[in-house]
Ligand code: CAA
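Just one chain follows, in the form predicted alone, and it is written as structure tokens.
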């Protein structure tokens, strides 16, 4: 049956639920907002009034428009007041037992034609729908926080969803001014299924001592071009929420990369949940020590090309360009045996080169990422002084230095390449189109480019070879290049998006 959505119920008026209520009210739809008790209801009203008040102060709403929006929302503590709603969407905590109990009640209260929707970010919509007598009328409608601002809505259909209903709900999302992406019921859907393994991997690399929190955040923000570093983003999402999404992914996949990093469990257990608790990976920062500023003291520098992951020595051109930059900045370059500092321009581990040098303690690996960042990799033989000199030298050259251990991929490659590989696997499985995946990550995460746009910019062969190097070092199956990626490189295809045209 065709659905009309003129009155919508929202259960749960926390920040997300109140935002969803505002989105519907802004679109001219009557809203019934439900909370468990009068105190929570007033807090929900406060969220809505605060959000529209901020929009008013910024000139995005007039007084009359704000009054109309607030006037469209009725507040209640009784589920019975949802009986005439055409759609009811829940935004209660991510606890399956809570959601299943609520949907049992909604099934009893709501008229038979009503659509019941869950805003879950990771739980099984199928399992929630199974508690009702109308599983065909149950869908996922996943908004992103803050709902009035974020344009993406993931519409999730189950194997039981009535034909055409997901498309009707997607049409409603467009009526709200949102961009819908319609997918089947899999843990994490598109955005969290791609985002959380990347964030979880960053936590694991921090725990393994690859680099520091701040350097990893800097590398991914300035080097990879993402709007936030992984630890700043984890704090924004909430470490408890991130942990639960990883748990949901792991329960479905049983893949190692989805198992929450132990440090996440530790922080959650300690109540350090990110911004919501005032402290997570960031917070209560120690004062800076001005005396720790590095100053280059090397009188001579040697620059050598590293060996690319495929053994071709493809980094030689980058090494020559960097040596020219050093000379232009007034640094003296010399032969390796005479240098105070040896820089190996490489995307791969450089310990093999270090052991062939007369003074291996003087060698650091260097990977130039984008226009702003340089990763400085120290081997087990690199002296602290050599790494310090390299960082100071890079600062003079206008680069932000990111320190890391000598591991395949350094920081950016180790995090970004598996993330892009996951996107290829998602497309290869038929779960979502390249266009929908790119759209979801741009609108849901604020990425300047979607994964497939990034993949084409970096180069399919570069990413494939980077993954091979990661797999060779860590022996983690998730780092093995997706078969499609391998095949495209072998076939000489330059743009993966040519497949969708």
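None of these values were measured; they are calculated from a predicted model. Positions refer to the first chain, counted from 1.
If you look for the form predicted in complex with acetoacetyl-coenzyme A (CAA), you will not find it shown, but the lines that follow are about it.
Ligand-free form, site status open: acetoacetyl-coenzyme A (CAA), modelled in by superimposing site C-alphas onto its pose in the model of the complex, keeps every atom beyond 2.4 Å of backbone and C-beta atoms. Contact between residue 54 and acetoacetyl-coenzyme A (CAA) in the model of the complex is found at the 4.5 Å heavy atom cutoff.
Looking at residue 390, you'd find every heavy atom of it more than 4.5 angstroms from acetoacetyl-coenzyme A (CAA) in the model of the complex. Using a 4.5 angstroms threshold between heavy atoms, residue 245 counts as touching acetoacetyl-coenzyme A (CAA) in the model of the complex. Using a 4.5 Å cutoff between non-hydrogen atoms, residue 444 counts as a contact of acetoacetyl-coenzyme A (CAA) in the model of the complex.
Segments offered: 58-66, 429-437, 453-461, 31-39. Contacting acetoacetyl-coenzyme A (CAA) in the model of the complex at heavy atom distances within 4.5 Å is 58-66. Of the listed positions (268, 233, 423, 203), a single one reaches within 4.5 angstroms of acetoacetyl-coenzyme A (CAA) by any non-hydrogen atom in the model of the complex, namely 233. Taking 227, 384, 112, 283 one by one, only a single residue has any non-hydrogen atom within 4.5 Å of acetoacetyl-coenzyme A (CAA) in the model of the complex, and it is 227.
For the stretch 134-157, the set of residues having any non-hydrogen atom within 4.5 angstroms of acetoacetyl-coenzyme A (CAA) in the model of the complex comprises 142, 143, 144, 145, 146, 148, 149, 150, in sequence order.
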